Ligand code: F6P
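Let's start with one chain on its own, the form predicted on its own, as structure tokens.
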Amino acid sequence: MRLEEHLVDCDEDLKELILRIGNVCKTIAKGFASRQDYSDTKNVYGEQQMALDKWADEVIIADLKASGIVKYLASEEQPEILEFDGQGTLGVTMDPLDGSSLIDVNLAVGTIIGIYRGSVLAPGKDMIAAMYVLYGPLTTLTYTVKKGVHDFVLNPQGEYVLQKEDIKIPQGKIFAPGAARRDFLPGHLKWIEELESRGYKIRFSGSFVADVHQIMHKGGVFTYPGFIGKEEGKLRLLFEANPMGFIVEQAGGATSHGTGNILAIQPEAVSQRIPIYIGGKMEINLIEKINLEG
């Protein structure tokens, strides 16, 4: 089944948006070979931008602006929320190219999208849809419109075709822990040691979207916690934590900032960061229990 056929029951503007983003990502997938160098600019977080980061950001913004269905767009590469003229009502958050520092060593990277009906400065639970496109050995598109989570693969004819429907996170013993162990906070360290005692194995690539995709299919948990010197965490609430957390919850998993659900947080700023635990419910319940018990 093709993606457009799978979206038949969606609202027309939401269906068009998902298809447009999917098509733009086909263009991005073709751009890796010629744009691997760094640009001479930094993003709003002070990070050196890769040429492909900037290009992917520009390509997606131009397409969504032209669509007439998007009113608000927040990008990890932009300092402010963009507002477009027209009758569109959809709000979009995006990380145009998550994991881009891995491009030069040919590891998987991806595009992460959150979709709202209206303002994007809203709790993640208010999303109406979320999706990501993973650029690896295959280009895959994973989406949810709150009716299950579904995987599509880009075939040689340039069409997204159904690969796996209604994904549910299985039980697994994989964990992907970010940050240096010497900087772990006490509760987090206790949780890590507990997972290790249960035989969990590390699988961490440095690409958030790729690591969570693996958890979606093999079980386990991803974390980038708050740590000494950066207690607020590293990953961005709007662009990374909320969309991926929304997808994982729709697949039967859970997400937390350590003591509560990330998707319940009211964002205070576009640039807001958050500690994140995302994956199986058992692992998420365990970190919250450890932290709440002190």
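Everything numeric in this text was worked out from a predicted model, so none of it was measured. Heads up: residue numbers just count along the shown sequence, starting at 1.
A second form of this protein, the form predicted in complex with the named molecule, is not displayed here; the remarks below concern that form.
- Contact check for residue 240: a heavy atom falls within 4.5 Å of the named molecule in the model of the complex.
- Among heavy atoms of residue 236, some come within 4.5 Å of the named molecule in the model of the complex.
- Contact annotation for residue 84: none of its heavy atoms lies within 4.5 Å of the named molecule in the model of the complex.
- Under a 4.5 angstroms non-hydrogen atom cutoff, the named molecule in the model of the complex lacks residue 116 among its neighbouring residues.
- This chain is displayed without the named molecule, yet in the model of the complex the stretch 206-214 from 121-129, 188-196, 206-214, 139-147 comes within 4.5 Å of it by heavy atoms.
- Though the named molecule is absent from this view, in the model of the complex it lies within 4.5 Å of a heavy atom of just one residue from 135, 152, 175, 224, which is 224.
- Along 83-103, residues 98, 99 each place a heavy atom within 4.5 Å of the named molecule in the model of the complex.
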